[in-house]
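Next comes just one chain, in structure tokens: the form predicted alone.
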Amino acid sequence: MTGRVVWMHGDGLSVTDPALHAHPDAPAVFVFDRPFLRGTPVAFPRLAFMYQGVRDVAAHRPGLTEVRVGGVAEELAAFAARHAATELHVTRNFTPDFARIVDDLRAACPEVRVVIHEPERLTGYAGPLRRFFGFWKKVEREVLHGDAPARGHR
């Protein structure tokens, strides 16, 4: 029994994901959200990209990594129960569904404490977002080399 499990979601498919990084040995799960996928057309290359991301993360961490398909809250509850977990760790996601899934999980498994880690901030850029190339020109040195953020966008 580990006591902890980690939920990997589509915005945290990296070994540097704060929840995964905090608990590298804990079992982790990624859930393809069947209800969402039934209602929202998602191109196959995007699904394959996500699967490859999970596979890459699994190859670089010592803990068990599992992929499931179904309702996310239900699959997370089943995964936590299977591993007798008392804590589920996840990195915050800013999509509207994230809060709903966490609420559903807490309702289904009040004995499991959900611990939300803050995501790593990519850049301090706070200027207007219009086109990617313009944005990237302003943040590239900060993101790739750790240089000080560009002036005038704080």
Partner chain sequence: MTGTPLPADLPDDRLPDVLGKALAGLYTGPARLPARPGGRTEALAALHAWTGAGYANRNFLHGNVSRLSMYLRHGMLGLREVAAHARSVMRGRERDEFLRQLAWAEFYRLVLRQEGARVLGNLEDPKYPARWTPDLPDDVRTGATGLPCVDAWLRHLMRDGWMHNHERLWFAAYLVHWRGVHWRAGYALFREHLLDGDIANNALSWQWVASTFSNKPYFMNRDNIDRYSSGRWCGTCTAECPFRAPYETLEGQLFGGRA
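Positions refer to the first chain, counted from 1. The structure displayed is predicted, hence computed values, not measured ones.
What follows is about the form predicted together with the partner chain, which we do not show.
Colleague: Test of understanding: in the model of the complex, would Gly10 fall inside 4.5 Å of the partner chain by heavy atoms?
Modeller: Gly10: contacts the partner chain in the model of the complex.
Colleague: Hey, in the model of the complex, is Ala108 touching the partner chain, heavy atoms inside 4.5 Å?
Modeller: Looking in the model of the complex, residue contacts with the partner chain do not include Ala108, since no heavy atom lies within 4.5 Å.
Colleague: At 4.5 Å between heavy atoms, is Gly53 in contact with the partner chain in the model of the complex?
Modeller: So Gly53 counts as contacting the partner chain.
Colleague: Taking the shortest heavy atom distance, is Asp103 within 4.5 Å of the partner chain in the model of the complex?
Modeller: Heavy-atom contact with the partner chain at 4.5 Å: absent for Asp103.
Colleague: Give, in sequence order, every residue of 13-43 that has a heavy atom within 4.5 Å of the partner chain in the model of the complex, or say none if there are no such residues.
Modeller: Residues within 4.5 Å: Leu13, Ser14, Thr16, Phe32, Arg34, Leu37, Arg38, Thr40, Pro41, Val42, Ala43.
Colleague: Comparing against this form, do Leu144 and Asp17 have their CA atoms pulled together or pushed apart in the model of the complex? The difference is 3 Å or more.
Modeller: They are farther apart; the C-alpha distance rises by 3 Å or more in the model of the complex.
Colleague: Pin down for me whether the Gly127-Ala99 Cα distance shrinks or grows in the model of the complex relative to this form (closer or farther, change of 3 Å or more).
Modeller: Closer: Gly127 and Ala99 approach by 3 Å or more in the model of the complex.
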